[in-house]
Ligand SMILES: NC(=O)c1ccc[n+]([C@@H]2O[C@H](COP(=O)([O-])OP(=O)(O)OC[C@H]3O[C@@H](n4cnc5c(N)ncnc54)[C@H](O)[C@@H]3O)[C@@H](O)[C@H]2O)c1
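Before any questions on binding or motion, here is one chain by itself as structure tokens, the form predicted on its own.
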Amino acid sequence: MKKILIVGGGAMGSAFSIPCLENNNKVIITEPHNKVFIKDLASKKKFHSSLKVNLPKKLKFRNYSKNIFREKFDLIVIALSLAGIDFIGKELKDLKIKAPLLVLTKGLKYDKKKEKILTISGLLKNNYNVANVSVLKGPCLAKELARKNKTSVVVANKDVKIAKWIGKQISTRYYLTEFSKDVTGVEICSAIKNIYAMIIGSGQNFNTASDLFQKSVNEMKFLIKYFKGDESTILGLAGIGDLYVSAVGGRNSKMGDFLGKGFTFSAAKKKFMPKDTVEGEQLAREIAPYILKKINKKNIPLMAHLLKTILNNKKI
């Protein structure tokens, strides 16, 4: 039995607790900000309002405090939104935590001062002195994981032995883990697929969407290589695997459909998705200053066009 801390009580963090518990681990979950999730997790039934399921009674909820990191854990899991990564980085800075960290969050950050795109693991290591960071990515919808639908993900660490140790603690008959040394490629893939899922979603028939899918894969391959990742990663779970599930069943693809119908982003968001977070839009605004300035648009015409469409609130 291992002692696991999950920071982030949203859909993914809460769903992830289920396979961890099935491995007979002691799992503690905490939520720093969201009052709805705090109320859900603190209740006796543990009915999660986003997942629409009752979480296992064995899951222990603790109110968030920085002091929680002073306890001894075998694994610390970060399942916050992209906006929460800087918050948790500041909390962890200089604590010299020995337990391995596993980051579920998908996204990239733009360092304006250095004019550099940072992966989440890179941000935590370089800006906040957080060591021993692994990442978990892949085609995983939280609601399906919570219902124990068969799910495959990839755990990445430059030291693959650490990735495999983590996999051993979380794998079940329905939650399967693969492993990679290509942390950069895995993180780049899992982030930019949200933008490309929006592009694919804009195709208004199967023929157009499949054409956009193929062209999106080519652009993703170029970007992985550009950012010094292994371009073969595009063929794995974090690449076309995650792109597929996002293109057929995610919020980014849904938004893309409205864009393809002739709505601007702001109009579609207001009319159809006022309460939904569209990760691709958030990422687009984050990385656009770098992408549009540093990379030749001829190499990534689809992404360049979508970034301008969102930034200028124009029709696609």
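Don't overthink the numbering: it's just position in the shown sequence, from 1. What you see is a predicted model; the values in this text were computed from it and never measured.
From this point on, the text means the form predicted in complex with the ligand, which you will not see here.
**Q** Quick one: find which of 287-295, 32-40, 58-66, 261-269 has residues within 4.5 Å of the ligand in the predicted complex by heavy atom distance.
**A** Heavy atoms within 4.5 Å of the ligand in the predicted complex occur in 32-40.
**Q** Suppose contact means a heavy atom within 4.5 Å; in the predicted complex, does that hold for all of Glu22, Asn54 and Ala146 with the ligand?
**A** Checked in the predicted complex: no contact with the ligand for any of the three.
**Q** Heavy atom within 4.5 Å of the ligand in the predicted complex: which of Phe227, Tyr244, Tyr128, Phe87 fits that? Just give me the one.
**A** If I apply the 4.5 Å criterion carefully, the residue I get is Phe87.
**Q** Using a 4.5 Å cut on heavy atoms, which of Leu104, Ala209, Ile234, Leu75 is close to the ligand in the predicted complex?
**A** Contact residue from the list: Leu104.
**Q** I'd like to know whether Ser81 contacts the ligand in the predicted complex, with contact meaning heavy atoms within 4.5 angstroms.
**A** Yes.
**Q** Is the gap between Glu279 and the ligand in the predicted complex 4.5 Å or less for some heavy atom pair?
**A** Yes, Glu279 is a contact residue.
**Q** When the contact criterion is heavy atoms within 4.5 Å, does Gly138 count as touching the ligand in the predicted complex?
**A** Judged by the heavy-atom cut-off of 4.5 Å, Gly138 is in contact with the ligand in the predicted complex.
**Q** With the partner left out here, check for me: in the predicted complex, does some heavy atom of Ala11 sit within 4.5 Å of the ligand?
**A** Heavy-atom contact with the ligand at 4.5 Å: present for Ala11.
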